[in-house]
Ligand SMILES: Cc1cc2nc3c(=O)[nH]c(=O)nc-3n(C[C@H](O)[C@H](O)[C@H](O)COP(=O)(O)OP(=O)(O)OC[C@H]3O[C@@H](n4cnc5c(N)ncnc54)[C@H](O)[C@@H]3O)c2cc1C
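One chain is shown next in structure tokens, namely the form predicted alone.
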Amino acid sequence: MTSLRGRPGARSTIPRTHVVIIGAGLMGAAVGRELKRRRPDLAVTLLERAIPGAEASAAAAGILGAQAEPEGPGPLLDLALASRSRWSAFARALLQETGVDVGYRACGVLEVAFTDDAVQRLATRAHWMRLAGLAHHTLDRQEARQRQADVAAMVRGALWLPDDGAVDPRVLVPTVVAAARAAGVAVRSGCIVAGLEVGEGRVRAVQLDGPDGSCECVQADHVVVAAGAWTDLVPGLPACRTPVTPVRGQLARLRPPRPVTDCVLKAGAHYLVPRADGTLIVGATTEHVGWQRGVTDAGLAHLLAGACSLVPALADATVLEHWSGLRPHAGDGLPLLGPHAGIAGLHLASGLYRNGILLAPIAAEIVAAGVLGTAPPLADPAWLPGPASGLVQRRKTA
């Protein structure tokens, strides 16, 4: 038996099959809920260092862009479409389980182009969507302004994606955590993971450091690492197919003088997401600044410039909030989902980057299937975590 620590610690023994999930954000809670939904007899524990659901997912804009996000056909598109098809039922189930409406709307996404190059990019996207049989409509300048009268007059064309949508992450994330608790998942806050305990090629326990210097060993038959941008900081985690690194994204919430859009508006990296209360979420920056949190004047200026380039009337909008989150970026662009080939009983649910909200339903099903040893809803080795190739060393955290 190997472990990160040489000193013994108090051992928490749970007689039933025990699944420990590291990370109680959206992904961790969604996996825990899905496991209990399928196997109520399982003991499932979520371990969270801070406040459950307070990290990247809660700070997201909530676009369900199954067609708006992928660059073309491939594993990411397959995941995105499969997850989007589950979102209506997922939202209804959460309402039944918690009494909370998470703000899911199939409101559509309008991608607009302001240059000839951008028009050509939309034409390329429309081509592969047509070949894939996906709903879309190519709009000229006049049709784009008929669809959204407030879009900037210099618009050259647009691509209308009626099946994409949005949800409110600030409502969604705590609701999924609440649904997991209601299903019988134990949620523990203030847990500092010190390492994974491995014996005979399989995971045996998760070691925790206590605030008083004590060490606790939580026995586990399966461990799911759903630590978001902090995945590679889990001590003793075997190296995966690709590293997961933090990417800061700044967003803002505006109150426009009047309603300007009833759908998600997108142009390149800029987007506007309407909320039911009449406000707009504006996103987003993409900043490779390591573990730096917080917001910047330059970031807000970038967001406001992008918003006004889409809808000039937003020059008179009131800025209500400005915040940031750290997104978990997988180096090869695909999430890490499912069992790790190097250690039996070890699973990952990480690296979902900008698509964590969209992919939550399908990712939870894939990871739960791996834990339970059943066939996943989608099988593709491209998103498996990959073979072990050493250990990720404990690195300095932010």
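Here the structure is a predicted model, which is why all the values come from computation and not from measurement. Residue numbers run from 1 along the displayed sequence.
Separately, the form predicted together with the named molecule exists; it is not shown, and the next lines address it.
Within 4.5 Å of the named molecule in the model of the complex, a heavy atom is found for none of 180, 369 and 380. The contact with the named molecule in the model of the complex, taken as any heavy atom within 4.5 Å, belongs to 357 out of 348, 357, 362, 35. For residue 246, no non-hydrogen atom is located within 4.5 Å of the named molecule in the model of the complex, even though that partner is not displayed. Using a 4.5 angstroms threshold between heavy atoms, residue 230 counts as touching the named molecule in the model of the complex. The named molecule is not drawn, but in the model of the complex it has no heavy atom within 4.5 Å of residue 196. By the criterion of a heavy atom within 4.5 Å, residue 59 is counted among the residues contacting the named molecule in the model of the complex.
None of 334-342, 369-377, 37-45, 348-356 except one has non-hydrogen atoms within 4.5 angstroms of the named molecule in the model of the complex; the exception is 348-356.
In the model of the complex, the residues of 317-341 lying within 4.5 Å of the named molecule by at least one heavy atom are, in order, 325, 326, 327, 328.
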